[in-house]
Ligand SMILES: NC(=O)c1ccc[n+]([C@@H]2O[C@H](COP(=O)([O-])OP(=O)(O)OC[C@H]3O[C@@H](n4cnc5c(N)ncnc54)[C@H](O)[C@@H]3O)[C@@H](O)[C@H]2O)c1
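Consider the single chain below, provided in structure tokens and representing the form predicted alone.
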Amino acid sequence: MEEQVIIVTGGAAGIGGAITSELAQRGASVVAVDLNEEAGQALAEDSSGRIAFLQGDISKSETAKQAVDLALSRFGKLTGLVNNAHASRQKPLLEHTPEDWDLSMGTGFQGTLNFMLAAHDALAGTGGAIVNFGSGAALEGQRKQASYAAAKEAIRGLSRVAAHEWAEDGIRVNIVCPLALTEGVAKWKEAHGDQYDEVAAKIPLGRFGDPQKDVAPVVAFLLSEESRYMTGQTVMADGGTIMLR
């Protein structure tokens, strides 16, 4: 992936950090966008110049524009975008507040839209690819995930429309739904152990995935020329938990 330049939102830690590291190891240049400045700077310092870090709130359109400008000024082009970042609160639907909805829709759906719109022209010039993130929790309607599930399904709908409309610009748009044991999932396990056990019991491969070994390579594939005939697809990187038809 030596010729690729990719923006990764939430790219400093968790699945996003694993994706950033994996892409850089494969030779890509990466702009990692995250609120976590300490983690982001540490990634950039250890990358031999392959990773540039931008601290910013992805729910704001100016952050997306700054990320694209950084990719172009630092690396000369933009070939890929990974919309990974998403913050939400888990609670029963009847307990969701307007602030809960704003958090999930703002960082999830609006953040994804912000970066897609900001990156379009640069990606059209390179025949680039976008990977957006969905979720098995949304596909299954998992309890206590109302705002998260709603935002994730909105992202999938947006992605399919863009796959149709932007195909003529040479831009591919696909969705990946991961199931991986991140620090966030570990905290979720502590807070909602019954839900964690319920999900774990449904994984045919018998384990939660590893962010870098099991999820990041799928994202890399969707960004690469090896997936050049794929667009508008939802790819499950979840150990077989959900088998789409």
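Computed from a prediction, not measured in an experiment: that's the story for all the values here. When you see a residue number, it is the position in the sequence shown, counting from 1.
Not pictured, yet referred to below: the form predicted together with the ligand.
Scanning F109, F75, Y148, W166 against the ligand in the model of the complex with a 4.5 Å heavy atom cut-off leaves one residue, Y148. Distance criterion of 4.5 Å from any heavy atom to the ligand in the model of the complex singles out L179 from the list L179, V30, V219, A67. The stretch from 123 to 131, 166 to 174, 67 to 75, 83 to 91 that comes within 4.5 Å of the ligand in the model of the complex, counting heavy atoms only, is 83 to 91. Taking the partner from the other structure, the ligand in the model of the complex has no heavy atom within 4.5 Å of any heavy atom of L223. In the model of the complex, V235 stays away from the ligand, with no heavy atom inside 4.5 Å.
Mapping the unseen interface onto this chain, D57 counts among the residues with a heavy atom inside 4.5 Å of the ligand in the model of the complex. At least one heavy atom of L35 is located within 4.5 Å of the ligand in the model of the complex.
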